[in-house]
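Have a look below at one chain only, the form predicted alone, in structure tokens format.
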């Protein structure tokens, strides 16, 4: 399989639905007037474990063989995927191991442990994460469930946009945050399979972590070397499964500055009265910086998660 099919996404959605919330879609007069667009916010901040990641993790654990479930699952994660996998594994009686960077938000690490994952701290770089993961695999025989670069994960994440399109089938545009690309590639596939003809899909990325933007522009996979963007959930590079889907089906990637991300996060808290994390603000921040592209359009925005460290808010 070169990419998830319409049928595989439909099956994944059906299979994971009993475990998950069908999250609400909210609107905002303030943001509609500010952008000149009709915006529909798919609120995955209200999802199990506080983010869309529960979708892909649930699908991946469900598809394991009995022998794999017996040995458990493992991953490396700065937070949302780790806690989603821990939760999904616990729901299905499977042991979970997570390698966690030392700079991960404490609220996310605490959640992993509450879901009974065995956590191992490592230095905040990819090499340390991968070596820590290899040690866990060697010791336990657990199956590695990647945060994004896996078709089972992409199938699950695709169910988010699928639900949004079921409620609003005439959307002109979909915009989703972009880190490793699991959510955006799933969103792009759902737009192709379930959206109206001509629907456009936009990725939104921090300008301080613009590897996907550069990869998209050049057509070659550019790794993210280092970033301290406030959008901690997006501090990762595209994968060899997500990038081809994004390159083929995504129409554009827009960037958001750190200042705009923080301002937009606060605006959503104040105007929509919902708690979101910085990564979640990136799509609306990028949209507001490029209003002319969305003027007069009906646009769906995926609010990806609400797992924010309340002790380290980026605003006063």
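This is a predicted model, so every value here is computed, not measured. Positions refer to the first chain, counted from 1.
The next section is about a form of this same protein that is not shown, the form predicted in complex with a further copy of the same chain.
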**Request:** Report the stretch among 285-293, 250-258, 55-63, 42-50 that approaches a further copy of the same chain in the predicted complex to within 4.5 Å, counting heavy atoms only.
**Result:** 42-50
**Message:** Considering non-hydrogen atoms and a 4.5 Å limit, does a further copy of the same chain approach residue 114 in the predicted complex?
**Reply:** yes
**Message:** in the predicted complex, is there a heavy atom of a further copy of the same chain that lies within 4.5 Å of any heavy atom of residue 1, even though the partner is absent here?
**Reply:** no
**Asked** With the partner left out of view, is residue 272 within 4.5 angstroms of a further copy of the same chain in the predicted complex by any non-hydrogen atom?
**Response** yes
**Asked** Across 302-316, which residues bring a heavy atom to within 4.5 Å of a further copy of the same chain in the predicted complex?
**Response** 306, 307, 310, 311, 313, 315, 316
